[in-house]
Structures are given as structure tokens and as C-alpha cells.
Ligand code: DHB
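Shown below, as C-alpha cells, is a lone chain in the form predicted on its own; questions about how it binds or moves come after it.
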Amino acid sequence: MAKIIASVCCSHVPAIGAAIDLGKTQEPYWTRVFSGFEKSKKILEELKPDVCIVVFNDHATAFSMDIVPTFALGCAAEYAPADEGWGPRPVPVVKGHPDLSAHIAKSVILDEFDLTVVNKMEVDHGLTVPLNLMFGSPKEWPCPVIPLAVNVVLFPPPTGKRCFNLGKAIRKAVESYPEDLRVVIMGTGGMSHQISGPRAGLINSDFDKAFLDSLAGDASHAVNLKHIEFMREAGAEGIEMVMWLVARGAMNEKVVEKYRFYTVPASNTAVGHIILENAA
């Protein structure tokens, strides 16, 4: 059967993608950010995933305010990089895994999660930046990718608990797939940041680190955080951290922390990252 072998969570700051695309990764401002992901690339190389499920949020490229699904699962054969206003990023087309996607959709919907099935979608920096951070800048991504878009833009977003339980349902779906596949699930976005208003530039390292601690140990603290707590403590865009809970929910109750990295700032955000494997 297929198996989720690791959970990988990281920020998807658009400026990180711009630094990669413009060859600025070795500039003094960016050196610490990118050096923090060198170990991650080695870990992913050792894990050798056959498929990655990437939980991300769309930034008004695949979806507009006209239609905003709470959870949207990509079931296409491929996903082109989106034009976010300055042309598509110069990254490979993302190849999908339609068979596994369809299997997950069926299993999760029958588990009473009302996914939107998406057969055509372009993907933006929310998905491609984490792929760069984990796999570098190859000519082709090393494995197929299944995108799972979560609404964290239009109120109300799903709760952290709902996202965590979706992760459990995804794990059940993956483990009932008959092919022997090694699957990594990635939660993206966050950490604390606010991009507009009087609190623009807000970063709360204490909150971020407590959230990381919860993911690595007793997840109940992170799972039970309310929307207002995310927004008050981590800024309006800090709500993106509920997507990390999908990835955490897909793991065992007890996990082993393989690696953690945290730094501020990158653009006007905190950059957080953690890799978890199931405890024996």
C-alpha cells in the first residue's frame, strides 16, 4: 500500500521565489534563509518520495473572489506555473498523479469532507516556492505533485481542527491506495506575518515557536487555536498556519522531529520550517 513517510511544513514567501529566480540567493540579506534549507534538501533526497501532496493557498490565480472553495484537490495530469502579474515563474511544469488524486477525492468525500475536484488549475508561488526550497531548481520536479488548495483568504477559513481531521482522512485514503508509493505531505504558508494595515510587518516569534513545538509534540495546542488567536497573535496572514495542520494530521499521534529551521525576517514575514517523521 501507499504510505505517508513524512510531513514537511514551510513558509511560501513570494520574495523567496523572486530571490531564486533573480539569482540573489547568495546576497547577504538572503544567505541565512537559503542556508537553512540545505539540510532539508538532503533529507528529501534521502526520503525519495514517489509523490508529494502539497497543501497551499491560491493567491487569486486559480480562483477569484467569484468562487472560493474551502478545500480544492487537484486531479489533473499537470499544472502550469501561474502568471501572478509579472509572468509565470521560470520553474518546471508540475506533473500530477491523477490516479492517486482521484482515489483521495473518493475516499475523503465518502469520509464526509466536501472537496472541490479541480481538473484544470495553474499553481502560484504558494506551491512552487516550497518545491524550490525542498528540491532546488531542477529541470523537472523529482516526483509528481498533488495540489490541495485551502481557503485562508476569504472569511471564514476552515478551523485548525477541521484541517487536522482532513489530514487524518487523507492518510486513510493514501493507505488504502493499492500501489506501493512513498508519499510526503507538505503544509505551506505562514508563519506570523501581516502584509497590510496598521500592524503590517508584525512578527511574533514566541507564537511561531510554540506552534512548532506543538507540531513536534502534543499537537492539541496548535489544533485547538481559534481564528481570532491566529490573527491576534500572528497577524492576519498568520491564519495560513492551519494548512500545516493538514500535514500534521496525516501523521501518527507521536512523531519524530527530523529538522527545524526558523528565521526572521524574509521580506516582512517570519520563515518557519519543520520536517516530521512518524515515531516507531
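These figures come from a predicted structure and were not determined experimentally. Start at 1 with the first residue shown and count on from there.
Although not depicted, the form predicted in complex with 3,4-dihydroxybenzoic acid (DHB) is the subject of the following passage.
Chemist: Would you check whether 3,4-dihydroxybenzoic acid (DHB), in the model of the complex, lies within 4.5 angstroms of a non-hydrogen atom from each of 51, 171 and 249?
Modeler: No, because 51, 171 and 249 lack any heavy atom that approaches 3,4-dihydroxybenzoic acid (DHB) to within 4.5 Å in the model of the complex.
Chemist: In terms of non-hydrogen atoms within 4.5 angstroms, which of the given stretches 95-103, 109-117, 187-195, 132-140 touches 3,4-dihydroxybenzoic acid (DHB) in the model of the complex?
Modeler: Looking at the other structure, the answer is 187-195.
Chemist: 59, 254, 226, 32: which sits within 4.5 Å of 3,4-dihydroxybenzoic acid (DHB) in the model of the complex by any heavy atom?
Modeler: None of the others qualify; the residue that does is 59.
Chemist: In the model of the complex, is there a heavy atom of 3,4-dihydroxybenzoic acid (DHB) that lies within 4.5 Å of any heavy atom of residue 268, even though the partner is absent here?
Modeler: Yes - in the model of the complex, heavy atoms of residue 268 and 3,4-dihydroxybenzoic acid (DHB) come within 4.5 Å of each other.
Chemist: Is the gap between residue 10 and 3,4-dihydroxybenzoic acid (DHB) in the model of the complex 4.5 Å or less for some heavy atom pair?
Modeler: Result no; residue 10 lies far from 3,4-dihydroxybenzoic acid (DHB) in the model of the complex.
Chemist: Going through 218-240, which residues have a heavy atom within 4.5 Å of 3,4-dihydroxybenzoic acid (DHB) in the model of the complex? Please give them in sequence order.
Modeler: Residue within 4.5 Å: 240, and no other.
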